[in-house]
Each structure stands twice: as C-alpha cells, then as structure tokens.
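Presented below, as structure tokens, is a lone chain in the form predicted on its own.
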Amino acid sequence: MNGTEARTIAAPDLLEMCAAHMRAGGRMQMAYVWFPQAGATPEIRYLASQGANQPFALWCCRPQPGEALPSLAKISPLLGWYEREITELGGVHFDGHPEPFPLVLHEGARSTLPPLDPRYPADQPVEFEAAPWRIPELGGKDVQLLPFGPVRADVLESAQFLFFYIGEGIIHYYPRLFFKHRGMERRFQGLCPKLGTVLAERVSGVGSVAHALAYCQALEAAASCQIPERARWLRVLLAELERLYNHLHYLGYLCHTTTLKVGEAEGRLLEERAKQLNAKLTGSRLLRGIIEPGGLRRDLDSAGLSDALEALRREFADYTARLERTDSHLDRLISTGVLTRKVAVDQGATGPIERASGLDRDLRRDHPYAAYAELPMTVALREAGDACARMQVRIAEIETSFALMQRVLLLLPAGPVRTDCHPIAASEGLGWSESPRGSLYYAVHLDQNGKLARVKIKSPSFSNWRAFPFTVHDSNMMDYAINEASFGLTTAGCDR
C-alpha cells in the first residue's frame, strides 16, 4: 500500500511489535478488518505513524479460523474502540480486552454473519431485540444517575450520556453513541470507484472536502494516477475554505454555550459569509461535487475571491480581538475540560484537540498532500489543554487558512484540472487529509473487477469522542456544555 512499510505479522508477535513501536516514539493510528474474498479468512491491518515525513507502518495479520488475537488496547489504548468495532462487524475476537462489551452494535443485536463479511446480504438490516444494556457500576449513597438523550433538544444528533454526579460535581461520565450507525463502510462495497466519491462526501456533511480528498487520493494511489498541478493547488483552496467555515461555526457555537449572544450572532454571520463564498466559487455551500478521482470535475473561476477573503479576514480579526477581550467569555473557558498531553496521546486525540494539549502534529505538514508541500505551514500549538486553548488553536488556524488561500490564489498555475483515473483491479491505496477536526484516513481495496471491495474510514471524531470523557470526569454540570462545544465533535463523523 502506498506511503507505507508493510509487514506480515504473526498473531503471537503483535504485542511485542506494538510495545516496541511505542517505545520508539511511534503512534498507532487505526486497525481494521477486511475479507480478501468471500469466505476467506479475514485479515486485520494496523496502521501506525513513525514520524513526520516517514512512511506509515502497516502490519498485516491473518488469524487462523476461530483464533483470537491479543488485544493491544492496554499498550495503545486508542486501539480499544477499533478492536471492539472489528469484533462486532468483522467477527474477529481479541483476548484480554479491557472493555469487552458492545460499542457499535448495541445490546440485543443479532447477525448470522459479521456485517462486513462479503457474504452478508447487503439489503438485510441487522436484527435487534429488546435487551438490557450495560450501565457502569458506581457506588455511594449520594451518587445520582442522570441519563440524558438519545433524543436531545435543538438540532443535535442522537447520543446518550450518563452522568454520575453529586450536587453539581460529575464523578463519572459515560457516552453511548452509534444509535444511528449507518454502515457507511459497508455501503461502499460493490460500487464503482467514481460513485464512491458521492458517498464519501456524505459521511460527515461538514467534512465533505476532507472525506472526498482522502478517498480520492487513496484511489489515485491505487491507480498510480498523477493529477494536474492546477487541481493540486485548487484542492488546497477547497480544503482551507472548508476549515474556515467550520472554525467560524465553532467560535459562534462556543459563544452560545457561554451565553455570549452577540459573539454567537457575529460568529454565525461570519460563517454564513464564508459559505456564501463557497457557493459563489463552486455552486455548493458545503463544497460538494467538485473533487473527483483524477482531480476536479470542473475548473473554478476565482476572480474576486482574494478581495472577498481579505474583507472577511478583517472582519474576523475584529471579531476575535473582541472575543479575547471579553472576560465573561474567557472566564468560562480557562481551566475548563483540561485534556492532558498524556491522555491526548493514549486515547488518540487529533487535530485542534491534540494541538491544544501540546502535541505538534498536522498531516498537511508532516505528510503533505495536494500542494501543501510547496506552501509555508504554521502549526498552532498551545499547552494548557483546556477549552480556551482549543479556541485559541482554532483562531490561529483560521489565520493560517487565510494566508494559505491567498498564497494559492497568487501562485495558482494554469492548465487542466483533471486527468483520467482508471482503477487497477485487485489494487489498494491509502489516502489522508487534515480535516477541520483532525487526521482523516481512507484505506481503499479494489476487487478483481475494479469495484470497491473494502473502504475503511478513520475519522477524527471517532478518535476525539474517545478522548473527550477524560475531560468530563471530576468536572461540573455547569461547564459540560462548554466543554463539549470546545471539542467540536460530530456524532455522524464518529458513527459512520
């Protein structure tokens, strides 16, 4: 697979391999299961980073029928959710897992075959029947339990949160997600590669560019396809426009949770203006229908965009200057929801979340794609790991996005924006992008007919939802909404 150093690993060697990789300063990224062909033994693949500008490590392990693999979750906790997902959707079990209970398929789910097995009927939903679900045990006569959701007020995605609390103090917090798991990875199976782009854009609506970009780059790698220079530069422009409106929305919503009404209104007005720029440039407020395998579907007319971005940048600078002088807003953010550097590493936090805790990682710089290698990159970092630091990182990232977009518009080369990209039968590719919420990976496998056999999505919210509860324990009810907003989580991006 492109961009990786691949090795076949025997099951008994996995623990030592993972431990050695972690000791060397590496980091696991994801694990997934795929079936090379119908009825074949499933294969588990582990993707790990080895440092900036170094190829990723790819470990392939094929257990014997019925053989359980050793759980790596105690060495690399972020793999815990991946292993549980593999067990439920792929039928491979892990010995010694610290959390051996359902994650994706809630209690009461019944399936004759693992849902990701190619033999599982594509039109057959997983059966459910009423069953008691696991509630963590927490003793103490004064401890109260508040189950909140899965139906919540406002326009919010389905999720249930269990709060164990005394007075205003939250002792323990337990999120239950995947109420509307859509089986997006399974939906790719059997599609022609070009049609898969439409699906990728809809995995998470506010990450349409990032998903399409990672997916298309995986296909282009599988097809050994080099896209035109102009398309590479325009992809950077689209990716930064998506980051811009996402971060502006974030700032407005964060103001909503601190009851700073004027700040909320101004943030959402700036978000709206950014989306109007998107619509004028591409015809889509969410920048859909532009990226495709081989480049872009059509060229973009960027006349007047530089001036419009500069006008928006000035408004943004005034807005954030006022935000950072508003003590009532800052007081609610400082020291709220602290995510320590160690927990960020262990649980796999990514994007602005990890960078606010002092972790200097960004795929645009460390594993550049599109035209990022030709552009100067400033990675925003903070050390405090609190809600204020997460806000400051996003403000700095918006400033960087404005600078990058102006640079692209200044240096944008002429020429075509697409080339033919023909998938190669039985090939595979890895694609990635730094979405507004963090690192996003697509692993794509094609079958003998050039159709999609397996698409694995490592989404940033899947990682950040795992880290988030560690900032809620030992906090208080009054700060919860602010803390959740400061993470910028999406349920759809996690549930897929």
Partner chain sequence: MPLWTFFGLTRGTATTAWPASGADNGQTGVLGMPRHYPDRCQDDCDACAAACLPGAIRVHTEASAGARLDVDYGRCVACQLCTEVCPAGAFAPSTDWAFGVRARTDLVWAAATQTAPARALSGMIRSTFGRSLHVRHVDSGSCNGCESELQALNNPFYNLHRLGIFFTPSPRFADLLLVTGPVTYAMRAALVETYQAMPEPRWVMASGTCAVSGGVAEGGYACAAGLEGILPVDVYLPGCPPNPAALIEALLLLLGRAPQRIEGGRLAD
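Keep in mind that what you see is a predicted model, and the values were worked out from it rather than measured. Numbering follows the first chain given and starts at 1.
The same protein has a further form, the form predicted in complex with the partner chain, not shown here; the description that follows concerns it.
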Is the partner chain in the predicted complex close enough to 225, 338 and 425 that every residue in that trio has a heavy atom within 4.5 angstroms of it? no
Where does the partner chain sit in the predicted complex: which of 349-357, 74-82, 200-208, 133-141, heavy atoms within 4.5 Å? 200-208
Touches the partner chain in the predicted complex: residue 183 (any heavy atom, 4.5 Å): yes
Do residue 279 and the partner chain come within 4.5 Å of each other in the predicted complex, heavy atoms counted? yes
Does any part of residue 158 reach within 4.5 Å of the partner chain in the predicted complex? Heavy atoms only, please. yes
Are any of the heavy atoms in residue 220 no more than 4.5 Å from a heavy atom of the partner chain in the predicted complex? no
Between the options 313, 382, 106, 365, which residue brings a heavy atom to within 4.5 Å of the partner chain in the predicted complex? 106
One residue of 396, 375, 345, 260 in contact with the partner chain, assessed in the predicted complex (non-hydrogen atom, 4.5 angstroms): 260
Determine the residues of 250-274 with a heavy atom within 4.5 Å of the partner chain in the predicted complex and present them in sequence order; the list may be empty. 259, 260, 262, 263, 265, 266, 268, 269, 271, 272
